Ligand SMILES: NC(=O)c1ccc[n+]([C@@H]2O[C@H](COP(=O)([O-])OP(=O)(O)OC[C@H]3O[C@@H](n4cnc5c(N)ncnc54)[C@H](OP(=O)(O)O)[C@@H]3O)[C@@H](O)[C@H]2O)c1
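One chain comes next, on its own, written out as structure tokens in the form predicted on its own.
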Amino acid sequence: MKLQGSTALVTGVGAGNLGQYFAQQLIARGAAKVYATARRPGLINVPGVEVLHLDLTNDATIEKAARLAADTDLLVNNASMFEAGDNFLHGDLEVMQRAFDTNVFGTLRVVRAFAPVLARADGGGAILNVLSAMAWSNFQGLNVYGASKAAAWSMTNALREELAGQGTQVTGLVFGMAGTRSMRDFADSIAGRGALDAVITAPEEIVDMALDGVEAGSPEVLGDQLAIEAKAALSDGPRSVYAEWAAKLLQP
């Protein structure tokens, strides 16, 4: 899909997060229009975008966004819920349900609303789902988030097949750690300032790779070394590349 002259909608745009980088780079690549959406649209500060309210857990906001952005030909599903510190054995079930309702069913709600919009686009348009290498790994405190992203990864592969008939391209972006402000703060909080810098990739690099993948028609983009190693590890039996990297970087 050609990005220059396209009309894109990005979910989950916030101050300094990955959604902001997507919106900025789409404009830089010559998109004719970029809709930037968020649950709290007042946090969006990207010059040149059209701001819309969209909450993954609120059907009315999704349907309204689909009506207002009926010229969209690229949908970037970036919004998600990241709840660190939870675990399956003792975690709050309501929090787990919210994670899946947001990261899996929320993304699906958006895809369902925009599928008819994309069907009308020249060539069927495209979808980019922002996923996580935690889908292929595990790490104490991130396992619920990872499981929700594993479901989202599987769903992305299914949607690629289901939307092929209308010509809509579906690309999955998988990465381990993007150097956004919030992710750097999280990494520093669990490991010490700068301790995990070796596995953190600049967000603009990840976004650039993702958009290159969309233009190339790639079904999947591995955005950093963590993602590459996590996918390779799937054939080795159960092991966590996150735990392996942490042990290597944090050893005395």
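Counting begins at 1, following the sequence as shown. These figures come from a predicted structure and were not determined experimentally.
There is another form of this protein, the form predicted together with this ligand, and it is not shown here; the text below is about that form.
Peer 1: Tell me the stretch among 67-75, 160-168, 144-152, 115-123 that has any heavy atom within 4.5 angstroms of this ligand in the predicted complex.
Peer 2: Looking at the partner contacts, the answer comes out as 144-152.
Peer 1: Please identify the residue among 55, 215, 220, 205 with any heavy atom within 4.5 Å of this ligand in the predicted complex.
Peer 2: Exactly one listed residue reaches within 4.5 Å, namely 55.
Peer 1: What is the one choice in 128, 178, 99, 111 with a heavy atom within 4.5 Å of this ligand in the predicted complex?
Peer 2: Here the answer is residue option 178.
Peer 1: Any of the heavy atoms of residue 182 lying within 4.5 Å of this ligand in the predicted complex?
Peer 2: Taking the distances in the predicted complex, the answer for residue 182 is yes, it comes within 4.5 Å of this ligand.
Peer 1: With a 4.5 Å heavy atom cut-off, would you call residue 17 a contact of this ligand in the predicted complex?
Peer 2: Answer yes; at least one heavy atom of residue 17 falls within 4.5 Å of this ligand in the predicted complex.
Peer 1: Hey, in the predicted complex, does residue 104 get a heavy atom within 4.5 angstroms of this ligand?
Peer 2: No, residue 104 stays farther than 4.5 Å from this ligand in the predicted complex.
Peer 1: Can residue 33 be called a contact residue for this ligand in the predicted complex at 4.5 Å between heavy atoms?
Peer 2: Close contact is absent here: in the predicted complex, residue 33 is far from this ligand, nothing within 4.5 Å, heavy atoms only.
Peer 1: For the stretch 26-49, return the residues whose heavy atoms include at least one within 4.5 Å of this ligand in the predicted complex, in the order they occur.
Peer 2: Residues within 4.5 Å: 39, 40.
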